[in-house]
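There is one chain below, alone, in C-alpha cells, taken in the form predicted on its own.
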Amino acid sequence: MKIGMLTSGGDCQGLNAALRGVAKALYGALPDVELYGIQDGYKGLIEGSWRIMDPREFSGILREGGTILGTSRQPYKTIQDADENNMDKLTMMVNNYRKGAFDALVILGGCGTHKTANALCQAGVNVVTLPKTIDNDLYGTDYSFGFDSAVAKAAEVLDAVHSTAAAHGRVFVVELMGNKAGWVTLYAGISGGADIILLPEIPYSLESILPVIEKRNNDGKHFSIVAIAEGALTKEEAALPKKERKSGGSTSGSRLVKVLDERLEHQDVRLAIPGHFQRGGDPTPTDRVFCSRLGAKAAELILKKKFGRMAALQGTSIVSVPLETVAGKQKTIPPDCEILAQARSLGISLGE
C-alpha cells in the first residue's frame, strides 16, 4: 500500500507522536507499505509536494513538539475558488492524489481541516483522520490531542503568575487561547487556581467581577488571578454585531485590564499573554499515549479499508466516527456542562 500523510492547520504538541503511531502500526502489519510525507499540509497536496519516508524518520519523535512534515492553514472557504487556469484547489488535491497513486491519506487536523477532508472523501479520496486541536473544539471526540499539553502550558503560566501577583498584591489577567471555545481556559483556570474564569460561551459582566476582587482584598487576599479566553466578550460586546465587537486591534485581556485599571484605584492590574507558548514544547505523557492509540486506530481503519472516518476518543475507548458527522460542527462548552457547575461550587466566578 502507498499511504500519504499530512498535518494541517495550527501546530500543536503530539503531531509527531501521532504520525509515529500510524507508522509503527502500519510498518508492523505491512512490511512492504510505503509512507509518503506530504509537505506543509494541504498546500503540499495542492502543489504535489511529497516524499517517501524512511522508517527511521519516525524514531525518536514521540516526545518532540511541532511536526516533521510542516503545516499550514488552508481556509476551507477558498478551496473551491478557481485560479487563473480555472482550476480550484479541491480539484488540484484530488488530481494529485490520483497522480501519486495513493491508496489512502491520513490527515491530522482540527475543525477546518476536517471540513476539507470530508470534501476530499466525497470526491472519491480514501481518507482517515485524527483529531488535532489545542482548543478541544472538534465534534465527535471527547478530547483532541494537543489539548492536554496546551492546558499544561497554560497552567504553568498561571502557577508562575501566582507568586508575582501575591508578592506585589496585584490583579493579573492571563489571556489564553480559545477564540470560540473556552476549554483550554476553563481547564487551565481550574488547575491553575484562577479566581475568575471568563469564557467565549458565557458573556461576562464587569459588575460581577469587581465584587469578587474586592471580597478577596477584604479577606486579606490582596491579589487575584483572572483567566480569560481570547474570545471572551462582555455582555455589552456580545450584543453588538460581530464587526463592531473588537476595535483598534485590542485583545480580550487588554480590554479587561484597561477597565479594571480604571476601577481599581489602589491596586495594580497587569496582563500576561503566553500566546503560542501554549502550542509549543513537548507533548505531555497523556498526549503521547493518546496520540499513539489514535495512530494505531488509524492504521486499523486503513487495513480494514474503512475510509471516510475519524479516529476518536469516546469514554475510555478509541473508536471511529464518520467524517460527515464531524465536518462543519464545533464543540463548545455547553451551558449545562457539569464542570461549569463544579467550578462555581469551588468558588470560581465565571463573570455571570
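Keep in mind it's a predicted model, so treat the numbers as computed, not measured. For every residue, the number given is its place in the sequence shown, counted from 1.
In what follows, reference is made to the form predicted in complex with a small molecule, a form of this protein that is not presented.
- Of the stretches 257-265, 117-125, 79-87, 274-282, only 274-282 has residues with a heavy atom within 4.5 Å of the small molecule in the predicted bound form.
- Proximity to the small molecule in the predicted bound form, defined as a heavy atom within 4.5 Å, singles out one entry of V174, V171, I196, I134, which is I134.
- Interface residue among R73, K215, H222, K235 relative to the small molecule in the predicted bound form, by the heavy atom within 4.5 Å criterion: R73.
- In the predicted bound form, the small molecule sits within 4.5 Å of a heavy atom belonging to N179.
- Under a 4.5 angstroms non-hydrogen atom cutoff, the small molecule in the predicted bound form has E230 among its neighbouring residues.
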